[in-house]
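Form predicted alone, single chain, as structure tokens, below.
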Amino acid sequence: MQKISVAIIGWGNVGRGCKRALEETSDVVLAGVVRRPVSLNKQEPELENTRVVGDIKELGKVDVALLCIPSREVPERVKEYQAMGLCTVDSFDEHERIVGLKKDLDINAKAKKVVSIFGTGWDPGTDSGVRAIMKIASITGHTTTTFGGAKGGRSMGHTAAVKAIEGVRDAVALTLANGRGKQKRKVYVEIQKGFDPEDVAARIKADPYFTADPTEILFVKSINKYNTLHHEGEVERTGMQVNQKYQVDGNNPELTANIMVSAARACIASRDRGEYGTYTFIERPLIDYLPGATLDEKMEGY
């Protein structure tokens, strides 16, 4: 079986997680890492013996681009790589925008005969699949998703949004449970000298990532004490005399990276069947995400 060649676009926590995940696979291999030009000369042990380039075209044959970049950059980058004839996987996390953007990106994918799996990660992504399975098992009922637990966990999308605000030197945004099915935000910020904390806080709270939830902003000398990659979440559904619960607790970017690498398989399986287009996680068969050259291999342990 021909191996799937992927490029990691971006070298943050998720990009690093994708490289580690690829080292555990035999059917999906790394062609190289695409970084911003200003970062190309940085020496990092994790990138030893890895091709690092500023343009994906320098890597030669690539089947799938794994977009490990801030969520707000994803739609335009998906279009860019689709236009180049490349399949893509991303972890876009703005739930309310997914359906509309997917329709637009679907036109591009079909025109270029490629496959994009859009908004696949933990949530949206595998949690979306869990919610679908729960609904199958309990036709009527009520589903709630709660993130963060009592201690709180890192939200990658919210953290990236805060870091992009002028005047923020570094930051981490935590999600905490705020009752069943509800969340609140706690943001730790290192502010740049000369910026007004009240102004920075106002701009953070006005960002769409934060307007729907209670948000507490704390300015600190260093975020090191509060910085974490840990997160946790819980999906529950009750109804028709059935109670269901799914829990995840662990490293947020590592989990996201594992799912993205698995989604590269689903991209190529869809492409090889001529099923071009842009899809969400739940629109592709689960078996396509699994390793194995044959149906028997994929269904091992079923």
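All figures in this text were calculated on a predicted structure; none of them were measured in a lab. In case it trips you up, residue 1 is the first one in the sequence shown, and so on.
One more form of this protein exists, namely the form predicted in complex with another copy of the chain; it is left out here, but the text below deals with it.
Review point. Which listed residue (160, 133, 165, 220) meets the criterion of a heavy atom within 4.5 Å of another copy of the chain in the predicted bound form?
Key: Looking at 160, 133, 165, 220 one by one, just 133 meets the 4.5 Å heavy-atom criterion.
**Study point:** Contacting member of 51, 245, 36, 57, with respect to another copy of the chain in the predicted bound form [4.5 Å, heavy atom]
**Key:** Only one listed residue qualifies here, and that residue is 245.
**Study point:** Contact flag, residue 261 vs another copy of the chain in the predicted bound form, heavy atom cut 4.5 Å
**Key:** Although another copy of the chain is absent here, residue 261 would touch it in the predicted bound form, with heavy atoms inside 4.5 Å.
Check your understanding: Is there a heavy atom of residue 103 no more than 4.5 Å from a heavy atom of another copy of the chain in the predicted bound form?
Key -> Yes, residue 103 lies within 4.5 Å of another copy of the chain in the predicted bound form.
Review point. Would residue 98 count as a contact of another copy of the chain in the predicted bound form, using a 4.5 angstroms cut-off between non-hydrogen atoms?
Key: Residue 98: yes, in contact with another copy of the chain in the predicted bound form.
Check your understanding: Just to confirm, residue 281 within 4.5 Å of another copy of the chain in the predicted bound form by heavy atoms?
Key -> Yes, residue 281 lies within 4.5 Å of another copy of the chain in the predicted bound form.
Check your understanding: What are the residues of 266 to 294, in order along the chain, with a heavy atom within 4.5 Å of another copy of the chain in the predicted bound form?
Key -> The stretch 266 to 294, when checked against another copy of the chain in the predicted bound form, contributes 275, 280, 281, 282, 283, 284, 285, 286, 287, 289, 290, 291 at the 4.5 Å heavy-atom cut-off.
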